[in-house]
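Here we start with a single chain on its own, the form predicted alone, put down as structure tokens.
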């Protein structure tokens, strides 16, 4: 007779199966979604998060809220990862993707209770997703071959409408668009393949690198540096186009406050990741001195070694020296005498970004292959001028006219740390939206227009399905209405009436043969007045990729959780097995 323990009948832990697991998973997912639900839309509310040491975070960014929560339930953690994924891939739409996923889960669980097998639900969700993405690309997407600033500014405004800078969206949207455009670079074939894989319209001519001799571009957000400084109004924030600001000041008062290019010679910047301090003998080295004069000669030689090292940097043509480590008084003396700006304790990441912007390299050591100390002039970055500017309580170094791959710095001003952090998060979302629109050249109307149109279309599509999946697709269609409903509830409007009107208008547009009615597919919610309007004309738009990605991610997350029918929680093993 076989040993019962070896057959796996006795598990060192707890086991939940069937409907109990699904109910637990769905309840946990809904609890997470309910946390962020009230922060959706232009009139969404903020959340205050206080950690274990009393630090306060005030935000309404879905990804930031969920990242700050220490979620223990494994199914709820899937939604937290989902929000992070949406944030990394698109940069915006993190709240809506979590809300859609939780609604799909809730409806899927109800279908299981009504006797529909989970495999049928999963298959139906996949069919509905395929039909929805196909409809968005065919009907909802507006291809903008040469995107004007107006469309980009509207997309940035839509993104920041729910954030702290929503009231000044005219100012900040222009700032975001200018910043992204300032870091334009030629895209490679691999970049373009990536854009297409991320969901830009396949039918668009722009999906090929050079369809008619036209070059595609990329906009690396890593080249945009955001610097936060206390003081003044948020409206005093500004963009240094083609320039860079670094949060550092001159190491000594005797150094010049600015350096400018002269007679066609650019200002050269040396970026170092090493100490500029008086040379000292290594640890463990013992020197036996019989003549006291030898001590003075050793000290003099140490000073000479330091002087030679500084001289090599100066002879290479450096006008500005920035280092991540310390600079002692002896080195400072040489820099002051040479009329060079030197700053110490700079942030290493900022220096790497500045090196890319100015076409230079961060130098970690001056030793060459032969063991001698040299400084390669090719490591120097180039710019038009460097100036020390007083911002708020301290000074910053502004680098103008960078000669590298393009860089920009946005200097944010605000009353306090919480406000600056939230402005930074809001601006990051807007920068991501503008980048995605410029790279994919496609947009869709916002304000619940796409969800309402998809809901009506999928309802009709479900009637063409002859299997049990028909019920699942109808539930998927109804689940998408959670976005316009939540938007209306958060705006203190009558959600039932508004969503009913919206569905009615979209049904008329999709079933009518009249060309005038075809434009009704762009109708969405006006949450300020509580009416229905054409959101494409009103300028409430977002990148098509954001909508497509959020549907794909939400559906996959819901399917992942619905597939689970068994949960085994193992106990901590005590003693030898």
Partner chain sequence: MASQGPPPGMGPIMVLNSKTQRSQGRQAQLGNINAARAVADIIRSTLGPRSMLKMLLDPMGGIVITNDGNCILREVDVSHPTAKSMIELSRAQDEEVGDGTTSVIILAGEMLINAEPFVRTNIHPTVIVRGYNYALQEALEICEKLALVVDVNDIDKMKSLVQSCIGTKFSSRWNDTMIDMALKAVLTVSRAIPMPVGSDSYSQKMEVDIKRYAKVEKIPGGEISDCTVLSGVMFNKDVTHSKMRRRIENPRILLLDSPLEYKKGESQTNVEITDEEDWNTLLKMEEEYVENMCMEIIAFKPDIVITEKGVSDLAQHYFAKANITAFRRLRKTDNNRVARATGATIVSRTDEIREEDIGTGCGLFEMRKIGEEYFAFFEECKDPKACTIILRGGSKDVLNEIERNLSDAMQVVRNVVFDPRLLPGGGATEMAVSVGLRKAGLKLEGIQQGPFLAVGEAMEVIPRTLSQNCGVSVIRTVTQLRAKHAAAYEEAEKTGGEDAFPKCNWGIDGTTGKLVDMEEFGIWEPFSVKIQTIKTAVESACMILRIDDIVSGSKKRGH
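In this text, the rigid core denotes the largest set of C-alpha atoms whose superposition between the two forms falls within 1.5 Å. Note that the coordinates shown come from a computational prediction; the quantities given were computed from them, not determined experimentally. Numbering follows the first chain given and starts at 1.
One more form of this protein should be noted, the form predicted in complex with the partner chain, which is absent from this view; the next part is about it.
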Stretch in contact, per heavy atom within 4.5 angstroms of the partner chain in the predicted bound form, of 466-474, 498-506, 440-448, 410-418: 410-418
is_contact(residue 257, the partner chain) in the predicted bound form, heavy atom dist at most 4.5 Å: yes
The partner chain contact in the predicted bound form: residue 564, any heavy atom under 4.5 Å: no
4.5 angstroms heavy atom contact with the partner chain in the predicted bound form for residue 274: no
Partner proximity in the predicted bound form: residue 292 to the partner chain, non-hydrogen atom cutoff 4.5 Å: yes
Of 81, 494, 304, 376, the one that lies within 4.5 Å of the partner chain in the predicted bound form (heavy atoms): 304
Contacting member of 324, 266, 169, 490, with respect to the partner chain in the predicted bound form [4.5 Å, heavy atom]: 490
Residues of stretch 431-468 in contact with the partner chain in the predicted bound form (4.5 Å, non-hydrogen atom): none
Residue 492 C-alpha relocation of at least 2 Å between the shown form and the other one, rigid core basis: no
Residue 289: Cα shift of 2 Å or greater between the shown form and the other one (core-aligned): yes
